[in-house]
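Shown here is one chain on its own, the form predicted on its own, set out as structure tokens.
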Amino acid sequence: MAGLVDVKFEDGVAILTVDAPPVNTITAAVRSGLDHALNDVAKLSGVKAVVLSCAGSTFFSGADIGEFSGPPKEAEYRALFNRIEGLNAPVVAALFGTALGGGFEIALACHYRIAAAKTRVGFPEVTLGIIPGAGGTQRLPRLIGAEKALDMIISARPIDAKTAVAYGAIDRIAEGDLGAAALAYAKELVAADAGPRRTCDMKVATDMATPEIFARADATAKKLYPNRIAAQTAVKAIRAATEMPIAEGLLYEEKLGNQSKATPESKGAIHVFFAERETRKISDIPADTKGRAIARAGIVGAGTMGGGIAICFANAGIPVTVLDTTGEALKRGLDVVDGTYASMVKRGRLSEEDKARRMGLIKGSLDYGDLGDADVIIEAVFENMEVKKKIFAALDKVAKPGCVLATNTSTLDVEEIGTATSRPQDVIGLHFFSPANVMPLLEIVRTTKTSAETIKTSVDLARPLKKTPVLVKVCYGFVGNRMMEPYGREAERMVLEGATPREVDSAMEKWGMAMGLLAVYDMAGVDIGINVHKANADKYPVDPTYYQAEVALGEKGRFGQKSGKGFYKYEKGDRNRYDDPEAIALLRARASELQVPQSAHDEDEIVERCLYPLINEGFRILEEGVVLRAADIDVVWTSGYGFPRYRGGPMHYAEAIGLKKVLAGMQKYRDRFGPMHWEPANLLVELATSGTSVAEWEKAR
């Protein structure tokens, strides 16, 4: 295909170069282009070797995930890869960048593999609820042995070129220019009369394919991926490589692969994959809106959040000035940043040179005037409206025209904060999640006055900061914390009713949450929640039991990990949580004072009472237009709140189990507890009773 695959012939070597930006995905057009290129090669006289390479930023990055929801395409991949493998001249794959999934599978179908030093290869499929379906489970164990293949595919972790050479997955690492090295390698193979070396002709080494090895792999798959079966399915497929000829094994792999695509875990994970791509598409700002360049940044507040945000900018190579009110506070904050980088060096994730370079991009200051050259300034102080407005008034005086003035608030009204400036069009919320240098979510909160340019600049900024942006409108708690409120309410209410913190957290962790919410409160600080609820008492219904579990603990100085006790107790130097009879006694005593009836709670009730009101609030948010699409809510929860990606996020999960079931659950608990907290959202009622999907509702709207 013109423009996609170029064929050159040099000294008996046919060089096929694919150029399909941005990342050389193996789309239908690329497959067709390669087929045409192979036809061209077949017409050439005197072809002694073939080099398969790519232009651009990476070797084939993978299969076209967009095809997964349509008819199966495995037969097309199999035919193309078999055709490459069946060539009578040695075929050299020239790898660079990240050759993952289908990108690694096409390399395995080649006879030899040479790679640039920084190349990474691997199979991430099980994290999407599927298995390598274009020969990966059949060719890789033949090449490197079943044990290593099992580890690579189950762990889903890419390996670097050096490790791949040690495994036998890659033959050599290129020195200098990869194209020249690949061509030289092909000529070397011709000179040595090496001929094709087909993976399909190899047998899986029996000493690395014992029943014990497969039993261990199966146990690892179950442990790493609770509630999911893709990794276990991959073990079955790899076992088939030890038992079947490759033609049969490839067909069996295809059968298992198509079964895995139909599972809820695959549908959930793939939904999130595409939802994350969509968040940058802002339908209600002009398509030709240009964002402003961000060359320098400023941060007000050198605390935990400010320091974490500073690391994000330094990691992106953007100079950042961190301002605080006192030299002592500033030094303490910058020391924490230095310590974070030192820890990364110690763990081998960063070199001393990289640490020095990144720390060199972070400057401390006590003078607002030093923020005058910043293109974006982020306020990251504690949650107090008057303090934040005072800071924004000061920034208004020193920030240059067009500077984005952002607040990291998690609950306060960004619109009101903007009134402290003469330029509300430049004011926006950039809500990072703790730890800011680790968590991928960035809630971008626009006001009614925020300009399209400011929005576009903020969304574009997420990319170098390696964040997943979700644009939201102003409301209390925005999306994540607003939906967290009813989840936390029920978790705390149930421990007043007689459930233990362990029972509540374990049920949610078993269901798939990364961490139980009560343990999260202990980690963040129980006093944080107490202060937020005190400061925003007018936002909540009149309910004397509302969030009283945390108040009972806080009155006794139980603030979580930092005080050694909260909902659980903690030993010094040990972040594990331990059940604490004292905490349970305090909760029982408070329940008695509030006359909260005691009851038993099974896992189903705990999960329903935590999730259904969370989902219900999501439908309110969607109906109010706080987000552009339901999938944005799913991204917020999977990127920032530990909601399992394989369940697709709250809104996807609600549809997966059925909106009628969610509505019936809300009505069941409304009958039991009354309507104060359990009134179903109007949109949930509308969709559940009409049988309309969220997608249909969004399209009609």
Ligand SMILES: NC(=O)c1ccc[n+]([C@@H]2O[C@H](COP(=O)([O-])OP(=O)(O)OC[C@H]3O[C@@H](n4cnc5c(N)ncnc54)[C@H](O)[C@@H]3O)[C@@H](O)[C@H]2O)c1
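The shown structure was predicted, so the numbers you read here are calculated from the model rather than taken from an experiment. The first residue of the sequence shown is number 1, and the count goes up from there.
Not on display, but discussed next: the form predicted together with the ligand.
- request: Using heavy atoms only and a 4.5 Å cut-off, determine which of A134, A302, V427, A107 is in contact with the ligand in the model of the complex.
  value: Flagged contact: A302.
Interface residue in the model of the complex among Y612, Y77, F432, F313, criterion: non-hydrogen atom within 4.5 angstroms of the ligand: Selected residue: F432.
- prompt: So which stretch, 456-464, 402-410, 617-625, 272-280, is the one near the ligand in the model of the complex (non-hydrogen atoms, 4.5 Å)?
  reply: Of the options given, it is 402-410.
task: May I ask whether T325, F382 and K388 all come within 4.5 angstroms of the ligand in the model of the complex, judged by heavy atoms?
output: Checked in the model of the complex: all three residues contact the ligand.
- request: Examine Y476 and determine whether its closest non-hydrogen atom to the ligand in the model of the complex is within 4.5 angstroms.
  value: Contact with the ligand, no.
query: Heavy atoms within 4.5 Å of the ligand in the model of the complex: does G306 have any?
result: Although the ligand is absent here, G306 would touch it in the model of the complex, with heavy atoms inside 4.5 Å.
- prompt: So, in the model of the complex, is A329 in contact with the ligand at a 4.5 angstroms heavy atom limit?
  reply: Heavy-atom contact with the ligand at 4.5 Å: present for A329.
task: With heavy atoms only and a cut-off of 4.5 Å, decide whether Y540 touches the ligand in the model of the complex.
output: No - in the model of the complex, heavy atoms of Y540 and the ligand never come within 4.5 Å of each other.
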